[in-house]
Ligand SMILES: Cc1ncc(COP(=O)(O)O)c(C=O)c1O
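Form predicted alone, single chain, as structure tokens, below.
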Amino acid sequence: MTWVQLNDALVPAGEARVSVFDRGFMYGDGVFDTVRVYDGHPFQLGRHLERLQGSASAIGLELPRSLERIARDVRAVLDGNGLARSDAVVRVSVSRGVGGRGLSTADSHDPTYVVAPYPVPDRVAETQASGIRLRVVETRRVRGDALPAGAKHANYLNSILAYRQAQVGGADDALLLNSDGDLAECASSNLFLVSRGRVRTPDVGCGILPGCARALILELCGGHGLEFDEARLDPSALDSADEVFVTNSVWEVVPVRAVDDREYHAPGPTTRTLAELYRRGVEAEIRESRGRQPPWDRPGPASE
């Protein structure tokens, strides 16, 4: 049996109920964040929860819990599902709660709060070794002045449509351009190119979601002497790239073996180096967490 945290209670997943009038269901009015768990340790939990807070602020939503309390709920969900020393994925979701029909949020109340565990997707290791195919799709990344680009909000229709187009075209994932025609990101991951040993990625001004795994990759580049930059990248940059890879917190570093009809060696040497450094970062954080309580897990006042 799977247990989830629904508002104030840990309940069996089969008994978890959300109102049909919840604005998350009706309008996608909410935010979420997803954390990879290694050997029972939620990796970069603090960074993810800070992003959750930022996402909520961007849409004018007040989280119903303090970040410290959410961290304790993540631990309770892992322990309650027998995942204290297992690999897993945990998603924290918050909607604006029940409200009336229409766009006004004035009568919405009691945000709906869910912490739920999921298994690590099948074939992660195999995909990390063999790479994926991307397709540049017609769907464009929504402009940051239309929807807050830096917020991980619950309205994912843009990415869903892009992913469907990629799948129909025989690719594993979609590569979206922004409204200016620059490279942006994939349906649920950030994009990196490697050109003559230099690591390049679209900057936040391109309307991307700045992923937690993306941030770690840039830190690893800076800490290990790898040249890198964040810039506006024209699609022609794909022609001169020696390697391409994508990142997200669940799949870590995944090499790209083709974008449309362009083919790349996957994984290339820089991609392989960064994947190894990423995994060392995971192992180091796990070692550091053993025998102590991480700051986000320390008891603190709950903001109910």
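What you are looking at is a predicted structure, and each value in this text was computed from that prediction instead of being measured. When you see a residue number, it is the position in the sequence shown, counting from 1.
The same protein also has a form predicted in complex with this ligand, omitted here; what follows describes it.
A.B. asks: Is Val90 part of the interface with this ligand in the predicted bound form - any heavy atom within 4.5 Å?
C.D. replies: Val90: no, not in contact with this ligand in the predicted bound form.
A.B. asks: Does any part of Arg257 reach within 4.5 Å of this ligand in the predicted bound form? Heavy atoms only, please.
C.D. replies: No, Arg257 stays farther than 4.5 Å from this ligand in the predicted bound form.
A.B. asks: Does this ligand come within 4.5 Å of any heavy atom of Ser55 in the predicted bound form?
C.D. replies: No, Ser55 stays farther than 4.5 Å from this ligand in the predicted bound form.
A.B. asks: Can any non-hydrogen atom of Lys152 be found within 4.5 angstroms of this ligand in the predicted bound form?
C.D. replies: Taking the distances in the predicted bound form, the answer for Lys152 is yes, it comes within 4.5 Å of this ligand.
A.B. asks: Non-hydrogen atoms within 4.5 angstroms of this ligand in the predicted bound form: do Ser195, Leu226 and Thr270 all have one?
C.D. replies: No residue of the spot touches this ligand in the predicted bound form.
A.B. asks: Look at the stretches 125-133, 179-187, 75-83, 165-173 and give the one with heavy atoms within 4.5 Å of this ligand in the predicted bound form.
C.D. replies: Flagged stretch: 179-187.
A.B. asks: Note which of Val137, Ile217, Cys206, Leu209 lies within 4.5 Å of this ligand in the predicted bound form, where distance is taken over heavy atoms; exactly one does.
C.D. replies: Filtering the options by heavy-atom distance leaves Leu209.
A.B. asks: Heavy atom within 4.5 Å of this ligand in the predicted bound form: which of Ala71, Ala213, Val115, Leu233?
C.D. replies: Comparing distances to this ligand in the predicted bound form, the residue within 4.5 Å is Ala213.
A.B. asks: Go through 26-57 residue by residue and record those having a heavy atom within 4.5 Å of this ligand in the predicted bound form; state none if no residue qualifies.
C.D. replies: Those in contact are His48, Arg51.
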